[in-house]
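In the structure tokens that follow, the same protein chain appears in two forms, which are kept apart as structure 1 and structure 2.
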Structure 1
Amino acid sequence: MLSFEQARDWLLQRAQPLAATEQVELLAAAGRVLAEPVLATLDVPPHDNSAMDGYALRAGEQTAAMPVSQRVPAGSVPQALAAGSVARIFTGAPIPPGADAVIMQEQAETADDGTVSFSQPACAGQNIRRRGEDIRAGQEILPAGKVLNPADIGLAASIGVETLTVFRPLRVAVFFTGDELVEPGRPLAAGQIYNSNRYWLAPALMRLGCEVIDLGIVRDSLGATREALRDAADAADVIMTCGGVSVGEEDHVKAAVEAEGSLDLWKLAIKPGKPLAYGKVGQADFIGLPGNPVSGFVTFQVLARAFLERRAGLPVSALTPEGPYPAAFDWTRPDARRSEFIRVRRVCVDGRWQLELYPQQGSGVLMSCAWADGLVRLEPGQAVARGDMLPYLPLVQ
């Protein structure tokens, strides 16, 4: 069986980042991956300006009572400061030529004759934001490959950028095989189950920024599965399924992928999540996750997610554990041959973090994934006694 590390490295070696780009307006750029660096074409701020409402003056000319020679709101162009005078100025307004300080209005008092006196002496440079102190023209402010957050977009707007060049979203086609599957909202007949895999996989892909092409449920036949694969390969960069890659007579995905392209089928030395398939259909990558809900969910979290991140141009999740934290449980029957990813939740008891275990760890118990906020990876044969210190891997939900 293939180890977890071997499978992850093998997948990442085959994950070719997207090259296709598109231009998007700033308000549509959040969460997208920047394809080209953004360089500033101007200084920010573009001129020396006041950091607050107050009075601009020459610090060396401050006297007990000073006349106001002009009023400078933000967006205006001030005149040179008259000798011995102050300028009433507002936050963000340009500093008048000749002024070298701003005294805040809370330290100023206006007399009946219109002159202004101050409770504190001015120091040259105080309360002035200098030209270019935030950004210099020619400076790279956003590097290629960055996942754009709201602050990044505001930064781009501050230099007047209207659109950004980003990688287009990774297109992922999904379908689900099984005559026993029924969509929620419809009554179940004997032998049928609801298609839960669709409802965790599609949102997980959307959270990665993927464009999901949902082909729904495909009936259990080789012809229908091959047709679904061809449709998916025409529309998507990656095709994903849950189940159908085993060797049973009704597991048609394996045969269909082999007929339409190529397939590598592995038995992984992890639990849950033993079967995993990778292949190609046309130009599209194919990933076949296990059909059991927990197996599929865990395999997506620790293996498929990294592949999709690299394909989409995103930073690859490092799977760096936190902690360690003490176990609040015993694990007395470890698997001797496989690494186990057990579902846990981190809780604070008497001011100390510890890890609780969901009591049912079966591969069909999806409640364990909804309840948990993290995983613990146990090595083959590793038992756990209450109080043992364990590394904790947060789930990305």
Structure 2
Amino acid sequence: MLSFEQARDWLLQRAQPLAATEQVELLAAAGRVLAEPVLATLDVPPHDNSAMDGYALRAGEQTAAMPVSQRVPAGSVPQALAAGSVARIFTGAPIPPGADAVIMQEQAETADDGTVSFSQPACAGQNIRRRGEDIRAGQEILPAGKVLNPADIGLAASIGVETLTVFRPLRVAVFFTGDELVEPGRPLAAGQIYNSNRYWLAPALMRLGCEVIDLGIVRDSLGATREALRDAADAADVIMTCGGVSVGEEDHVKAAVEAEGSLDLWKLAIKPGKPLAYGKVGQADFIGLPGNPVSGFVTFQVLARAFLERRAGLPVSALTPEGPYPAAFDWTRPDARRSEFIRVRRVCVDGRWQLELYPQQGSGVLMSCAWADGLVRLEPGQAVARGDMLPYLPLVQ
């Protein structure tokens, strides 16, 4: 059996980051990975401007009652300041040539004759935001590799950038084999089960920003499986499926991948989990997750996800635990040989975080994964008594 760390390292080494890029409009860029740094092409602010609503003047020429020679709203182009006068000015408006300070309106009083007097003397530079103070032309404002969030997009807009160069989405083809599988919404005959793996895997891939090529349920024959693999390899960067890769299974996935490419098959020392396959079909990577939905889901979270992230040019989620938090449960029958990823929920009780356990950890259905918001990794043989402090791995769903 392969340890969890060995499998993760091995997979990550084989994840070749995408190189292909595309241009996207700003409003479609959230969540995409920046492929080239963004450099500022202008100074921000583009001109010295007022930090306040008030009056612009030349500090050395302040007098007791000053005429207002012009009005400068934001967006206007001021004239040179007339000697001995002030300009009415608003936040963000350019400072008129000749002015070197702004007095805020709260410190000003207007007389009947329209002249303005101030309760404070002006100091040169006061309440002026300088050109280039925030961003200088040429400065890198967003680094390559960054996953773009709303603030990044707003920042790019503020220097006039219209499109961004991002990595194209990773294309992942999925298919599901097993003549017992039925799509939801159809009636279930004896011996049949609903295909649940498609419905957690495709959304999980979409959440990672992947383009999903969904080949649906493939008939349980070697020929049909080989054909699905060839179609998938033509269209996708990565092919994923659930099931069909453990010893003795009534399935043709293993033989089909070996016939169309190459396959490494592992027994992992993790629970739930165990069978995991990695292969190549043409240029495409193949990842075979366990067929049991809970095993597949957990293996996706802790192993396949990291592979896909690196492959897509995303930063790899570090599996850095939070906490530790006290266990609100006992775990008395640990697995002697495998690391266990138990499904837990972090709850706040009397102002303190603690971890609750989904009671049926052995189940093959996704109740535990839907209920949980995190995992706790237990080492082989590790039991838990109520109150033990446990590191908590949040699920990213």
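Just so we're on the same page, residue numbers count up from 1 along structure 1's sequence. If you're wondering where the values come from, they're calculated on a predicted model, not measured in any experiment. Definition used throughout: the rigid core is the maximal C-alpha set that superposes within 1.5 Å between two forms.
- Query: Of these two, which one is the form predicted alone?
  - Reply: Only structure 1 matches the form predicted alone.
- Pro121 C-alpha relocation of at least 2 Å between structures 1 and 2, rigid core basis: True for Pro121: a C-alpha shift of 2 Å or more.
- Query: With the core lined up, does the C-alpha of Glu356 move 2 Å or more between structures 1 and 2?
  - Reply: It does not reach a 2 Å shift.
- Query: By the 2 angstroms cut-off, has the C-alpha of Ala59 moved between structures 1 and 2 once the rigid core is superposed?
  - Reply: Yes, the C-alpha moves 2 Å or more.
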